[in-house]
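The chain below stands alone and is given as structure tokens, in the form predicted on its own.
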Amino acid sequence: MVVGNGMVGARFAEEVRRRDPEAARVHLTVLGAEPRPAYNRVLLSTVLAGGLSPRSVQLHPTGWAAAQRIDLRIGTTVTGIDARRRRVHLDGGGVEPYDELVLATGSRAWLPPVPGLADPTVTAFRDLADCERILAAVRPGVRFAVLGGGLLGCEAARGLAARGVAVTLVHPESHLMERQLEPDAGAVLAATMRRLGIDVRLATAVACWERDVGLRCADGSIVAADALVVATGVRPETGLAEAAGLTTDRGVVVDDRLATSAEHVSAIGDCARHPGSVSGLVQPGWEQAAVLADRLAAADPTARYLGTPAVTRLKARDVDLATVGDPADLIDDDNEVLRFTDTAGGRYAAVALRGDRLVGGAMIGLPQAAAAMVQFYDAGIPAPTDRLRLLLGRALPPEHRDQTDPELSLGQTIICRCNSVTKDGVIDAVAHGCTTVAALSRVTRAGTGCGGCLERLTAMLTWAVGTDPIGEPAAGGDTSRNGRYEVTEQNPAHQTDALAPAGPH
């Protein structure tokens, strides 16, 4: 039984069925509190900007759960867990037994203790319902304030600006995205946001929100606005676990098996606390889902989750930003740090090296260098003697240049980081009938996470289809169904919209 039908809970269900497609070993029940099917929360900023419709970010086509023999119950809230008797209590008084319980309850928006935030003109930016409420307020002449200059706040502000409304981004810290960026990078990002028409106010504490006035700031100034979007962070959703007596510490504490302190109860995603995981990112949750599916579906009972390297991308039109590692590495005197700043041009590059390994970095406005930085970080590729090449994106050895030359890259080169899809995975899928991005994404999941790999994915697919690197299938072979691949047509709108975020990214 899975509690939570978000991106991680839904992915766990997929992973179980990949290992047990006929439901011979695992009867799977998924309980989701939201009254809608699972959707890609990562793409909400693109919905806000108008690049995608709310329906297009749905993760699965209608009828998917039934076809996969999954008992999916949306709009069902779990009110309590009885770990001793192995059962959950549902709203309405129902009780359901389980053999293994998986908590995938995610996180909830955190609202600061600022007077006025309960007003109907104030909306958090966390789920699709929030996104729809924000869009309902968008009309000519409406002024928006966005409180919080972290990742979500910057995405929300850019999305609203793309709709043509006036936006003021208010952040209490001295620079934007302080969890991922050092001050110099934050200054470049702020300058970029201002060039895109967003009024950015930093080091500004808020006193209260007044519907007919706007944001009153602690320094006495007023940010005139008709609506407020709050993106001040999230907190793990641990209420059920705490009430059931599970050990929590900024999340439900789990070990490398993803097991909690209660027998037969596991936790994954944002609600889980594992020392090797970073909260707020989808990739750790998806990797945890695969490990736990291996263990619980008996595919590999010894499977263990050992952590996920931190890679962050800002998903905002006309803002290309990527970070790896901890920003503290960029100010660590024990590291070799290279830095380039061009505030006027909206470009910034910084990388931290320990020995010849890249351990941290940030790139703004340099997509080719950012792609190379992620590969150096992920693969542990030794840095070149000519360090300047790292900042220019020209340092990758030929066999790792997957973005610019698909033919030269190694088979294990990662094309889609969110889903760990390699060049070999793309070639294998193409050989079995996946000749479009939509088909490739359905069977490998490439491109269904943050959307940042679509350019590389398209280039690799075009090369694989055009060169036929592993030869044609055997004569008379069925190219639409072979081995673990089955290419089927689905709702065309579902196929294309969800795989085509607007703008350069």
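Note that residue numbering follows the sequence shown and begins at 1. Model, not experiment: these values are computed from the prediction.
The form predicted together with a small molecule exists for this protein as well; it is not shown, and the discussion that follows is about that form.
Looking at 64-72, 435-443, 453-461, 32-40, which stretch has residues with any non-hydrogen atom within 4.5 Å of the small molecule in the predicted bound form?
Residues of 32-40 come within 4.5 Å of the partner.
Within 4.5 Å, heavy atoms only, which of His175, Arg347, Arg143, Arg126 is in contact with the small molecule in the predicted bound form?
Exactly one listed residue reaches within 4.5 Å, namely Arg126.
Among Val78, Ala429, Val421, Val223, which has at least one heavy atom within 4.5 Å of the small molecule in the predicted bound form?
Looking at the other structure, the residue within range turns out to be Val78.
Is Leu202 a contact residue for the small molecule in the predicted bound form, using a 4.5 Å heavy atom cut-off?
Close contact is absent here: in the predicted bound form, Leu202 is far from the small molecule, nothing within 4.5 Å, heavy atoms only.
Taking 4.5 angstroms as the cut-off for heavy atoms, does Arg317 touch the small molecule in the predicted bound form?
Heavy-atom contact with the small molecule at 4.5 Å: absent for Arg317.
So, Thr248 and the small molecule: in the predicted bound form, are they within 4.5 Å at any heavy atom pair?
Outside the cut-off, so no.
Does Gly106 reach the small molecule in the predicted bound form, with heavy atoms at most 4.5 Å apart?
Result yes; Gly106 sits at the interface with the small molecule in the predicted bound form.
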